Structures are given as C-alpha cells and as structure tokens.
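Only one chain is given next, in structure tokens, and it is the form predicted on its own.
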C-alpha cells in the first residue's frame, strides 16, 4: 500500500489555481523528493496532506487513510517539519519536545532527541534566543517524536550550515532504514540527489516528471558530456565524431591544446576510437553527467511540456 496517494487533486484560491488535477504516489518505505520552483504548489500539496487546507476537488490519502476524514489519526503517525512555522519564544527546547511527546502519547527522551540533532547544549534555553539553524534542529527533533511511520520535511535544511545539512541527511537515512517513509521537499538539489529514491517535479500545480534521479537524468537530452583534450583537431575527425549514432552534438573549444566537447547518450569509447582512428592523440578526457539542477531547469522552463513518469 502506498504511503501517500494523491488523485486528481485540484485546489483553487479564488481565481488562482494552486494545484490542477495533481496525481502521484509515494511508495511505502521510500524517500521521495518533491521539487518545484516557488509558487509551483509544493506547500499547498503538503497542507492538503496534513488537512491544513481542503482541496477544491480530488482526493488524498496518507498511510491508507483519507487525508481529510482521518487527519487526527494521520498526524499521530506522522512527523512534520514545516517551513516557516515559528517556535514558542518563552518555551525551552525541552518543553517543546515534552508537549509533542505528550500529544502523541510517546515515551521519547527529550535529551536523546536533542543529542541526535546536535542541540543538547540548548535544552533548557528559551527558543526566543535561538538562531534559525537552532530552531530548525529543534523542529526536526519534534518531527522525530514517536518514531513516525511517515516524515514530511518541508525545506528541512533551511538555516543549517553545511555540517548541519549533512547531519540532517544522515538522520533522514537512519529514519528510512528504520522503516519510515520520507516525503522530502527542497530547493537544494544536492540534498535531494543524495537521499532520495525517486523525485517528483512540480510545475504550475502539475506533476511534470516522476522518476529516479538517474532516470530523470536519462530523460534529459544530452545527459552526459564528454570533454576530450587532444593534440589537434580537424574537420574530418570532428565530423566522424558527430556522425556516431550516440552523439547529439560535438564542438571544439579554442584552447591550446584544443578540447572536443561531445554530448553523448551511449558509448564514450566510440568517441575516443573515432578520434584515434584519424590520427588524433588523446591527451586527457573526463565525463560529466547532467546534474539534478540541469534536470530541474529542463522540466521547469517554458520549453518543457512533456510529462515523464515512472
């Protein structure tokens, strides 16, 4: 049974369409990355899943339960790190956690949770004096209360330094290994690329792509760039490379020595062989795959309209 099912979900705010016939599934036990530019509808989707807003039409289920009719039961089994929610300035970290522990009828140790997120030194300090990164760590600890079956993390690395972001990724991996499903919304491609099993890309309230990171890379024209440093290059050798069936483009950078830049979707060895067969000496070469950022740009610009899903 999927952990999340969204079926033909539409949400309008007056004349503004935030979500339009949105459909996707998050499988039980996976880490699902949810990407999209500002205004794409990511937060609205999360708010519907948590019953903070009601859909105009369509439906959503979480952990096999109706997101609107059974929201209380869903929240008992879900840990949420929301974006833009402020802490209670007069409460300490311990008090924040005790409140969540009591509300979930859990038995977690506040000190152990704060140690896990690197915030033990501030356990009895009032949250009003916290930095943005400290507040984010505390909210992550609150999301972990009760070993939830589902974690919904909305921009979880906001305010975190590189070490904090790395620790957050490690916690996501640990929770997933424990058996939790993770729904992970982020603008930071590195975060998504390193922890997610699959990625969904949202644009204008519609899902335009769902696949593994590798699958999304493969779906973008020019998924791999091969840069070959040679002693020289001539038109005959360049044309030989361009005529290869797996090559979509080949250009020469005017450096000394010259570098042939080849967009190839198949055998890179064939490119090297085509050059060497024409007497070109290969001095060095490197390959670069399309980054998730490249994929994201491909699917969220005006030229991309085809939906790719798996």
Partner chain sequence: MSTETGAGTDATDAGNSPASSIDTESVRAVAKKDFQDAVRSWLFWGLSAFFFTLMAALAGFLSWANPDNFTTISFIALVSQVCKLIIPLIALLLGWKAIAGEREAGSIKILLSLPHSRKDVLLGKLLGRTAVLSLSLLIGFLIAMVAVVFAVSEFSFPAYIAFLAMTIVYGLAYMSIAVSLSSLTRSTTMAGAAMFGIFVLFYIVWNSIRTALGLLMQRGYIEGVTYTTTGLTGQQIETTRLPDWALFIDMIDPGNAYQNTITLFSALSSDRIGTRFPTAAFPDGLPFFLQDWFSLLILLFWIAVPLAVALYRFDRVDI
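Numbering follows the first chain given and starts at 1. All of these numbers come straight from a predicted model, not from anything done at the bench.
Not on display, but discussed next: the form predicted in complex with the partner chain.
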Tell me, yes or no, whether residue 75 is in contact with the partner chain in the model of the complex, where a contact means a heavy atom of each within 4.5 Å.
yes
Taking the partner chain as it sits in the model of the complex, is residue 33 in contact with it (heavy atom to heavy atom, 4.5 Å or less)?
no
Given that the partner is absent here, does residue 47 sit within 4.5 Å of the partner chain in the model of the complex, heavy atoms only?
yes
Would you please decide whether residue 272 lies within 4.5 angstroms of the partner chain in the model of the complex, comparing each non-hydrogen atom pair?
no
Given that the partner is absent here, state which listed stretch (176-184, 116-124, 93-101, 199-207) has heavy atoms within 4.5 Å of the partner chain in the model of the complex.
93-101
Answer option from 80, 213, 238, 168, heavy atom within 4.5 Å of the partner chain in the model of the complex:
80
Exactly one of 260, 53, 264, 60 has a non-hydrogen atom within 4.5 Å of the partner chain in the model of the complex; which residue is it?
53
Taking heavy atoms and a 4.5 Å limit, what residues of 3-18 are near the partner chain in the model of the complex?
11, 12, 13, 14
